[in-house]
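Before any questions on how it binds or moves, here is one chain, the form predicted alone, in structure tokens.
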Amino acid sequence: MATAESASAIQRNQVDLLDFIDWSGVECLNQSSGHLLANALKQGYREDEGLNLESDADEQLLIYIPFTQVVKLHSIVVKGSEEEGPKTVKLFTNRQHMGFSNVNDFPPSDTVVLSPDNLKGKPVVVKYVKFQNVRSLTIFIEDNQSGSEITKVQKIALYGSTVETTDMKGLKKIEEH
């Protein structure tokens, strides 16, 4: 019974992880110069349906998002159009310096095929056990719904919780008397 209670408690404690993104380290490979990642990821921009992240040379996008502290990722929202919205999305935890040349060399922590409901904003729950200790998240958008050359992402939102860490300096040694 305790496991069911803790599972529902985890659900209630999910927050938008936007405030924990280390913006100075965020990268997106193959983004169109006029349609940058900020359009899909930043507060205010991602709510504007007229703004999109768009791919440039082909349909693939590789997004690197570091966090300012360790997080647990529970679910992800990726919104886009029915035709040009993302289809296959691979998620990698704690992998730095990935590029298109080596992205297939590593097994993803999770692979998601987005449905029309997901593209309208329905969250995708990730394999939670693989996302317990996340310092960074790499999102590889492999293709889009129609197989066209350009992928458009209207919104990316990450939901989860922060990991409570123990400050070892704050602990005092207990002396025996």
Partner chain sequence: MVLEATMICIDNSEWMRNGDYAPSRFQAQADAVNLICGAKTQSNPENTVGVLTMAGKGVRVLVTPTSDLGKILACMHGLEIGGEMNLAAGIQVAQLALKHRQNKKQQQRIIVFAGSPVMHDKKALEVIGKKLKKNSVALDIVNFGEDDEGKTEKLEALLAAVNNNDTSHIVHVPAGPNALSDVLISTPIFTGDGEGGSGFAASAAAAAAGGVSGFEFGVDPNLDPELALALRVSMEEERARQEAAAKKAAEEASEQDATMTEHASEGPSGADNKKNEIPDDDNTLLQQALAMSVDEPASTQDLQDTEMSDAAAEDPDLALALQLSVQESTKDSSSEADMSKLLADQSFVSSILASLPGVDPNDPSVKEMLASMQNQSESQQKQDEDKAPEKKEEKEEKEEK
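Nothing here was measured: the structure is a model prediction, and the numbers come from that model. Numbering follows the first chain given and starts at 1.
There is also a form predicted together with the partner chain; it is not shown, and the following applies to it.
- Proximity of residue 143 to the partner chain in the predicted bound form: non-hydrogen atoms within 4.5 Å are absent; the residue sits far from the partner.
- Contact between residue 37 and the partner chain in the predicted bound form is not found at the 4.5 Å heavy atom cutoff.
- Although the partner is absent here, residue 33 sits close enough that one of its heavy atoms falls within 4.5 Å of the partner chain in the predicted bound form.
- Among residues of the shown chain, residue 129 is not one whose heavy atoms approach the partner chain to within 4.5 Å in the predicted bound form.
- Of the residues given (109, 118, 60, 138), 60 alone sits with a heavy atom within 4.5 Å of the partner chain in the predicted bound form.
- The stretch among 38-46, 65-73, 119-127, 24-32 whose residues place heavy atoms within 4.5 Å of the partner chain in the predicted bound form is 24-32.
- For the partner-free chain shown, 97, 100, 101 of 81-102 come within 4.5 angstroms of the partner chain in the predicted bound form, judged by any non-hydrogen atom.
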